[in-house]
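Shown next as structure tokens: one chain only, the form predicted alone.
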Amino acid sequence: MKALHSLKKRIEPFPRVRLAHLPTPLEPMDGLSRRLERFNLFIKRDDQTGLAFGGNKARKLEFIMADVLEQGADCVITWAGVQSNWCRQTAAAAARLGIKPVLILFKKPAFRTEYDGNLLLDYIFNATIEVIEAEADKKTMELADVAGIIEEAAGKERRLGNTPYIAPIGGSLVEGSMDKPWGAIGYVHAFVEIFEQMSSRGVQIGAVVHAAGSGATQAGLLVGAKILSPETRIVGINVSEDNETMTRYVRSIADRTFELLDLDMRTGEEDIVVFEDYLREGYGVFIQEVADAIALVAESEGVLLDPVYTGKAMMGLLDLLQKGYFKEGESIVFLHSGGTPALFPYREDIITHLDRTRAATE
């Protein structure tokens, strides 16, 4: 196919370091499809990318870490929450390339900071870790606060004789030291994989459903779909921001990605599909329906999801299927973006809820 060949040629020249096991498998979810009866569900296993327990950030980091090396940096500074998948995989990629990882981790007052889950892995990778507690009445740190804290960390590294690279949260927005949407390019490449894998089965992709966190995964998938399969919807289940903010992120990143690919295309309002309904009390807050979704997929497929991203995305997908958002018989790809180390810090909430649920059905 001409469009497929052309898109691969546009991606090929970009600097890249190989960090992920690609292509990741795309598997039918036969057990779950049988339970739901009217839909053909598939799962794209980006939890199997291989870098530090896998996850979607490995694809982004292949291009971002190449940019780190091209800029001559010997230290990468980034930030996110205390159980960040992005920070865990950034620390792993930096360790692999002999680069110092510096992680600024923000926590809400109620969140625990024991060395568990992703935070334990950050420690094992010997990342420099600073944990900062947000004020109780703030959903997250204000942007100005974050910028000042990151610049202070960068200044400290410069005084130590290091050359820092500031990588934006999630490898998504074009800011810090990243002047191109490298994270999104990783997910344009991912859509190429999905398209080829589904085409080899003779299956048309109705939709790709994923957890929308910082915008680059959805933006990259959207760009790939508009080029290769315009009828495919990219459906984001919002896990971190309000819809207005997430839509703005995705549009900005996608349009910068079209520019980087030298394509005269833009995103329209109708292209960006994000559901805010499943965010509930906010990012990282335990939801009982998420534990139910995790258990359902584990029991149906032998696949583990996580309570912050993929479990919430699956909760959203199951609800949308029930409400008739998707057509009967439609083939839907669920992107498993990783994050399973976060199961462990949430274990008490998960066990308590599942014990109660299972006892009620006996």
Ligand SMILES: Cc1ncc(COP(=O)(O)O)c(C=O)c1O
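These numbers come from a predicted model, not from an experiment. Residue numbers run from 1 along the displayed sequence.
Keep in mind that the form predicted together with the named molecule is missing from the display, and what follows is about it.
- Contact with the named molecule in the predicted complex, judged as any non-hydrogen atom within 4.5 angstroms, is confined among 316-324, 30-38, 292-300, 333-341 to 333-341.
- Site residues 60, 85 and 215 are all in contact with the named molecule in the predicted complex, judged by any heavy atom within 4.5 Å.
- Using a 4.5 Å cutoff between non-hydrogen atoms, residue 103 does not count as a contact of the named molecule in the predicted complex.
- When contacts are judged by a 4.5 Å heavy atom cut-off, residue 172 counts as touching the named molecule in the predicted complex.
- Residue 211 belongs to the set of residues with a heavy atom inside 4.5 Å of the named molecule in the predicted complex.
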